[in-house]
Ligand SMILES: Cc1cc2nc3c(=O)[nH]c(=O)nc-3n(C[C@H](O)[C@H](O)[C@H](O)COP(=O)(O)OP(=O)(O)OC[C@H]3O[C@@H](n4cnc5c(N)ncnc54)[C@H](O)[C@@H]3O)c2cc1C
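What follows is a single chain, given as structure tokens, in the form predicted on its own.
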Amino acid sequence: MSLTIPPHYLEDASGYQGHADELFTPANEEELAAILRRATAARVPVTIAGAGTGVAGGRCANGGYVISIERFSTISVHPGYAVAGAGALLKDVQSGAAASGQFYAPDPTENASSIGGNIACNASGSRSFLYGDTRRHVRALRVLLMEGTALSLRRGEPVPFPVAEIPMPLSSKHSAGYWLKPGMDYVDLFIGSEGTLGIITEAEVTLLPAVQHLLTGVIFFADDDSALAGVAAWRDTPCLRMLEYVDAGSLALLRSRYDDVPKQARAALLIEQELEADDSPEIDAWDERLTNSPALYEASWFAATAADRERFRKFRHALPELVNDTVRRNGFLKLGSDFAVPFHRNAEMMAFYREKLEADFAGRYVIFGHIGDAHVHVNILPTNQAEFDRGKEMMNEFARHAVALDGTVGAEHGLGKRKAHFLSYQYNHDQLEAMKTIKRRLDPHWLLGRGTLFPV
């Protein structure tokens, strides 16, 4: 790490660290363009640093310039949309929308992330079960290319050069490599490109009318099989916008903060459903569903107020924090997965995870996340170097198995530098070359985000 650059500009939430020669914090596009032109002339690599909440190392520079977009933070809220600088934090966009009686549907777990970072890795989160990923909610972008040229792009404007067709996995979520198909919107080329094609400075995103009535619950189970049966049974519930999972290891971590988690619980599902009214028939329908299921109905939690819903949100968001704390105490980089498979392969993928993890890491792993989309996060918690090395090997096994099941090696976090090698598991040589052709066109000297997606 450079001694002249504050460390938080050179590392991410996984503990991965980079190094850079100079730090810049431009206040506007003119200043940013001047820095880019200088870098292009001198052939200096440039890495864009967002809020630092990522876990794949994309914002960690491999030398050259690191440019923080933190000062691009303005937010203006309008009926049906908001315009936000790339450095604006997700939580500030969410609160601005709420104050106007609206909401921004994408809900990544870490709401201290930046809007630019969310777009760069096509983030999603729990509400993507109903509302889809960030891509679906981007209406327009301002982008600076590496040589300083500014683009102002809106939905419906096609890419102005030939684009190859890249096959997509069958999973409902995918954010690994470039999303390419003939006739695509130009904005879609930059969404999910992880800051390797251009620098997003501003985004216009869709806002929806605030939902007035919600049913929210944390439903506990005495065993994992019962929880997975609940997923299969409830996944098609109308207007269900969240279906999240936590396993026994996750609950064990959460008990350090929430002593009212039932002692007999070994798994839980977090649900949230939009209702037409507080006395919706869906209330009775859930009573029947839970009565006829193996859930620990009486011990489960249900929100009666906005304060209860906020408590449940914090409960869900506390888990990644606890995992990160454990990893830091153990002294290793975070070993976390971001794989997704088609839902009909969900049970198969979960069984593969369990078999491998129980053999080598019993009691030293947790699984949680977006099980409604067959997209859970496996986190291995090594306590020594041998376990860390075995954990890295296991993540490679998991990635290959997800692809074999028609899934993806990256669903919402991006691949960054730490997981760039996964891209070759997903795509063949010709498909990777199609992506590199786009990279060469927009960044011919390969200066932007060097080492992200494509190893140096």
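Quick note: we count residues from 1 along the sequence shown, nothing fancier. Owing to the predicted nature of the structure, the values given are computational and were not obtained by experimental measurement.
Form predicted together with the ligand: not shown, discussed below.
Trainee: Thinking of the ligand in the model of the complex, which stretch from 54-62, 33-41, 425-433, 400-408 has heavy atoms inside 4.5 Å of it?
Mentor: It is 54-62 that comes within 4.5 Å of the partner.
Trainee: Is there any non-hydrogen atom of A13 lying within 4.5 Å of the ligand in the model of the complex?
Mentor: Flag for A13 set to yes.
Trainee: Although the ligand is absent from this view, report whether S337 comes within 4.5 Å of it in the model of the complex, heavy atoms only.
Mentor: No, S337 stays farther than 4.5 Å from the ligand in the model of the complex.
Trainee: Evaluate A123 for contact with the ligand in the model of the complex, applying a 4.5 angstroms cut-off between non-hydrogen atoms, and reply yes or no.
Mentor: A123 belongs to the contact set for the ligand.
Trainee: Is there a non-hydrogen atom of P320 within 4.5 angstroms of a non-hydrogen atom of the ligand in the model of the complex?
Mentor: Contact with the ligand, yes.
Trainee: Scan S172, N346, S250, T109 and let me know which has any heavy atom within 4.5 Å of the ligand in the model of the complex.
Mentor: So the residue touching the ligand in the model of the complex, by this definition, is T109.
Trainee: Could you spot which one of S280, T383, S293, N324 gets a heavy atom to within 4.5 Å of the ligand in the model of the complex?
Mentor: Among S280, T383, S293, N324, a heavy atom within 4.5 Å of the ligand in the model of the complex occurs only for N324.
Trainee: Going through 105-119 from first to last, which residues have a non-hydrogen atom within 4.5 Å of the ligand in the model of the complex?
Mentor: Contacts from 105-119: P108, T109, E110, S113, S114, G116, G117, N118.
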